[in-house]
Ligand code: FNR
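Encoded as structure tokens, the following chain is the form predicted on its own, with no partner shown.
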Amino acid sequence: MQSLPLLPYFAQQAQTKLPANIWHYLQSDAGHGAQLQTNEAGWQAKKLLPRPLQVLHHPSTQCELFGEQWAHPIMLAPVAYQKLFHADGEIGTAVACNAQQGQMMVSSLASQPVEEIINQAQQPLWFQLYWQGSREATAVLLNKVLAAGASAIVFTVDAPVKQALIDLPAGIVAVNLARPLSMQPISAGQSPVFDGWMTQAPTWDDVAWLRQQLKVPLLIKGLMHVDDAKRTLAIGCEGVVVSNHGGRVLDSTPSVAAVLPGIVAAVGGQCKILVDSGIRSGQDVFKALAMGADAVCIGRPYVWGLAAEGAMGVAKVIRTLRDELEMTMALTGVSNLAEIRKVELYA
């Protein structure tokens, strides 16, 4: 019988059900746990004041971005190889997302065909793009996912050097890629980083090229610096996803909560701002919105649900976070997402 709150319970169940190496891959970060703790603590450090006796006028968590309307602002971040965690895989996640009236970002490293994921979701989904080493190869993947019905492209730029790696079991591959991206061969005395991975990494010129190729919204994911957000805006991108990749790439960064207000101020409402990394509760969602985010993304929590109970577990995680968001709104006296942005947080 469940005695823990739902998310910790699902985390416990996921650890029990998954092989040790897969659990480690899911939970690992670049700081041996320290960066993960920093991300979570950043949200927890912000405090709320209760506002009893307020009248809630037509309360709603409805969220609209780029002409799409969802019942809440809790998006599913891209997570690779979801069949590692449950046979339902990305299709199960997409079905759960649709059932909870939300939106999902399908990973470039999805373990099921993007056409089937979007078809089973019965709604357009967003696609998270990894650079494929060249413009030509990237264009091939883009054309594939746009033809499948992707309604926005989320270009992840903060992981040119791969650290969270796993030897994939038989039958689990990145099925949507023409070929897996691997490090360039290097000669004796060369650097695996400078002469290997970074020779295939995208640049700002590639972002500008990408913007020119697309008629759907383009968001740049993995930015933490104000100047990078400003440059993204200048190129004409429609959104920024403030993120440190859940702590999986660079150790010892600030929490996303620490840098979010500066980026919000820098873009001045001229593009949409999403945020991920360390969101673990509906209160965290509320705080991110109060700090200026238009929506948030969750990663590990919904994968815990997937590992524990498949698609049903994902749906339960989303619903739990939405319930917690609604409770926080009720207890702080706000009726909708616009009102959340006016709430003052305390250190």
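For clarity, every value in this text was computed on a predicted model and none was experimentally measured. Quick note: we count residues from 1 along the sequence shown, nothing fancier.
Unshown form predicted together with the ligand; subsequent notes refer to it.
**Student:** Looking in the predicted bound form, any heavy atom of residue 300 within 4.5 Å of the ligand?
**Tutor:** Residue-level check for residue 300: yes, a contact with the ligand.
**Student:** Closest heavy atom of residue 246 to the ligand in the predicted bound form, within 4.5 Å or not?
**Tutor:** Answer yes; at least one heavy atom of residue 246 falls within 4.5 Å of the ligand in the predicted bound form.
**Student:** Contact with the ligand in the predicted bound form for residue 319, defined as at least one heavy atom pair within 4.5 Å: yes or no?
**Tutor:** Judged by the heavy-atom cut-off of 4.5 Å, residue 319 is well away from the ligand in the predicted bound form.
**Student:** Does at least one non-hydrogen atom of residue 25 fall within 4.5 angstroms of the ligand in the predicted bound form?
**Tutor:** Residue 25 belongs to the contact set for the ligand.
**Student:** Out of 231 to 239, 257 to 265, 104 to 112, 202 to 210, where are the residues with a heavy atom within 4.5 Å of the ligand in the predicted bound form?
**Tutor:** It is the stretch 104 to 112.
**Student:** Sort through 220, 121, 274, 77 and report the residue having a heavy atom within 4.5 Å of the ligand in the predicted bound form.
**Tutor:** The residue in contact is 77.
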